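Presented below, as structure tokens, is a lone chain in the form predicted alone.
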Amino acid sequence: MTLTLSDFVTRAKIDRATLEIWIEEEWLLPRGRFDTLEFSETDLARAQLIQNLIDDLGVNTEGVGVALHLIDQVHDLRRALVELTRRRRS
């Protein structure tokens, strides 16, 4: 499911200025240009994670970047492990 910019900011409960910052920081990587951005449900879940890191855990901007980078690495390693396991079984 694809979300428009308007739908995304509403569902993520953030303002456009905050969204612009998160995109500049590359915390979110939507498709398209700013006036026609398209977001996925994964983008929405990531935005909610960012909100939790900031609001609930008190993580600062640098810490959010580090946390997201580490989470992305874990997901990449999981995908690689699944692929490796799949290849070994074939």
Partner chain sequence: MKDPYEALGVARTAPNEEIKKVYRRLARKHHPDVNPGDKEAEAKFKEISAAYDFLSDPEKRRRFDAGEIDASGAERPQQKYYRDFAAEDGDGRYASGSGFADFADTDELFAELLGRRRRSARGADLQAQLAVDLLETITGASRQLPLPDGSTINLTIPPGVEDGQVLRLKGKGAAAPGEGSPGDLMAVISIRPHRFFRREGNDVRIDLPITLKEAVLGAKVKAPTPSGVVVLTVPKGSTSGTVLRLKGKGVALPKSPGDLLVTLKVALPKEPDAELEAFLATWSPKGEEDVRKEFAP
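Positions refer to the first chain, counted from 1. The shown structure was predicted, so the numbers you read here are calculated from the model rather than taken from an experiment.
FYI, the form predicted together with the partner chain isn't displayed, but the following is about it.
In the predicted complex, the partner chain lies farther than 4.5 Å from every heavy atom of Glu62.
The partner chain in the predicted complex is not approached by Ala17, whose heavy atoms all lie more than 4.5 angstroms from it. Interface membership of Gln73, defined by any non-hydrogen atom within 4.5 Å of the partner chain in the predicted complex, is confirmed.
At a distance threshold of 4.5 angstroms between non-hydrogen atoms, Val66 is out of contact with the partner chain in the predicted complex.
Using a 4.5 angstroms heavy atom cutoff to the partner chain in the predicted complex, all of Leu29, Ser40 and Leu49 count as contacting. Of all the residues from 55-80, those having a non-hydrogen atom no more than 4.5 Å from the partner chain in the predicted complex are Asp55, Asp56, Leu57, Gly58, His69, Ile71, Asp72, Gln73, Val74, His75, Asp76, Leu77, Arg78, Arg79, Ala80.
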